[in-house]
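First, one chain by itself in structure tokens, the form predicted on its own.
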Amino acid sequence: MTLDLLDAINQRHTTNGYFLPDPVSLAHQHLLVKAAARAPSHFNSQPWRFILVDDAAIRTRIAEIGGNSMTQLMEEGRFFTRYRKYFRFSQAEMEERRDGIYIDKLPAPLRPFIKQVFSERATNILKRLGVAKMLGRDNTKLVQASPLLLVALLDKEEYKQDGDLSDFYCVLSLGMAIEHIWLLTTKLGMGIQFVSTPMEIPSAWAEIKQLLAVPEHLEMMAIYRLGYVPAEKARPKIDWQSDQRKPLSRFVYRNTCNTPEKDTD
């Protein structure tokens, strides 16, 4: 199967729903990390390291930690406080802003509270309704059912975390390596999603590092779940759209920042 690079870029997206239960083939796993290795890095230092997690017991434990982390963040209100600027609650708002995520799918009991979701009162109501626990359970199931987890790390020989420019170069290189993987999943009939909540709670992140036996000379940076995408994609109970992109005039300049680029059709 061939796929034009521009098509792969335009079709790139985050998979919010379930993957097929089929294991990701070893050939495809190796294709993904070999594609990552082709990313540019400062002086060809190749600071990235990866863990391919297909062991069911390890995936289950990471899923449990992820689900518990989401529940804690939701119940404490930290999730909404941190990310509220990205939430859009109508198609019109999404079309006007052209960024963030439009929450277009919600269980019926939650819809009356969506506009007030960031208030302390709404957080308490959602907590009484068990929304945080529901989201945590759903997240656990989603990660647990993913046939492959990809853990991205950086070698501290390059990523020193001392404010040196090499730290920036390492993060930049890892980002490009992950993008290679992301684009290749499109060609392989796969999907990918960032598993973000554990890294927002230091104790949860530390538990995963211990579970994966991450040595001192490596820094764990991110976790992704991957799998083959079913033909018919069932949406989660709470879901969103994020396909919209800003026009050129909002993020591109011509020659200096005084002149926004003109939009094209």
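Residues carry their position along the shown sequence, with the first being 1. Small disclaimer: the values here were computed from a predicted structure and weren't measured.
Not on display, but discussed next: the form predicted together with a small molecule.
key: Proximity of Arg12 to the small molecule in the predicted bound form, heavy atoms at 4.5 Å   = Heavy-atom contact with the small molecule at 4.5 Å: present for Arg12.
task = Report whether the minimum heavy atom distance between Arg245 and the small molecule in the predicted bound form is within 4.5 Å.
result = Yes, contact at 4.5 Å.
Phe168, heavy atom within 4.5 angstroms of the small molecule in the predicted bound form = No, Phe168 is distant from the partner.
inquiry  = Is Ile101 near the small molecule? Define near as a heavy atom within 4.5 Å, in the predicted bound form.
reply    = Yes, contact at 4.5 Å.
key: Listed range touching the small molecule, judged in the predicted bound form by heavy atoms within 4.5 Å, from 193 to 201, 51 to 59, 210 to 218, 33 to 41   = Going through the listed ranges, the match is 193 to 201.
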